[in-house]
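Before any questions on how it binds or moves, here is one chain, the form predicted alone, in structure tokens.
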Amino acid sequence: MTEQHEPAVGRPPDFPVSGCAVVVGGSGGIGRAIAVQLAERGCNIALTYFKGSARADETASLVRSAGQEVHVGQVDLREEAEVGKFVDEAAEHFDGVHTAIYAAGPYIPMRFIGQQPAAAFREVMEHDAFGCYHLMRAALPHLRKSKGSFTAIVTPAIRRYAVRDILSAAPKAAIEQLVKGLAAEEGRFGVRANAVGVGVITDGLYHALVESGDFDQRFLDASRQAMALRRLGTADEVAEGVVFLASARARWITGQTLMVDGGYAL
């Protein structure tokens, strides 16, 4: 096990000793960074993947290297029963779930609304918005028991729309409202819910979008100019915000969206 720092007098530990953190989308760049940082803070991890089994295994290896136990499962987030089964198995294996992280997101072809087929919009909504909803429903009974937290990845495009980005903005706007609803309804049980808006980063789907031409040099240069910090971010920088909101350090923060975007949404 990794060495744990003693909490300051009167302050609870960042995460409970028992139970686990469920990270949906643990094979992606952001999901991996989140899983590893949670493991470094003493959390056992249950992580899912959809297609990237090799990448999920790499994430699992990094979690074990941090001294924590890991449970890996292939889950289609569109299938409510699959999501529920995975979360329940993780709770049984680790004696509870104290943290649930929605870090999944399908590849999104960037097109103008007038050029996006309805089928593409429907598919992304099913994978993303419904996937998050299914995780919430599955995790909620366990989070009530642990007085835990739910954190979802969204996008700054819900504050400052970027053209051709409707397949990101629309489902993530729905997810942000799910997060607010969960926070408002479940706070009485001690459950917190927050979101993190992720700007353009050099990890995760970045490379696929560059290869497809959706992220060309003109787009990347414009993105940097649109950010107050004038640079792209990293998955590790996003994970720092997610892990903070999930931890007891943010125990009086709920229903909020933290933009980790270099100042894009200002």
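Residue indices: 1-based, along the sequence shown. Bear in mind that the values here come from a model prediction, so they are computed numbers and not experimental data.
As for the form predicted in complex with a small molecule, it is not shown, yet the points below apply to it.
Engineer: Heavy atoms within 4.5 Å of the small molecule in the predicted complex: which of the stretches 141-149, 91-99, 124-132, 183-191 has them?
Structural biologist: Among the listed stretches, the partner-contacting one is 124-132.
Engineer: Among Val198, Ala39, Val70, Ala239, which has any heavy atom within 4.5 Å of the small molecule in the predicted complex?
Structural biologist: Only one option qualifies, and that one is Val198.
Engineer: Taking the shortest heavy atom distance, is Ala162 within 4.5 Å of the small molecule in the predicted complex?
Structural biologist: It does not: once the small molecule is placed as it appears in the predicted complex, Ala162 has no heavy atom within 4.5 Å of it.
Engineer: Indicate whether Val75 is a 4.5 Å heavy atom neighbour of the small molecule in the predicted complex.
Structural biologist: Yes, contact at 4.5 Å.
Engineer: My question is simply whether Lys51 lines the interface with the small molecule in the predicted complex - judged by any non-hydrogen atom within 4.5 Å.
Structural biologist: Heavy-atom contact with the small molecule at 4.5 Å: present for Lys51.
Engineer: If you check in the predicted complex, is Cys43 within 4.5 Å of the small molecule, heavy atoms only?
Structural biologist: Judged by the heavy-atom cut-off of 4.5 Å, Cys43 is well away from the small molecule in the predicted complex.
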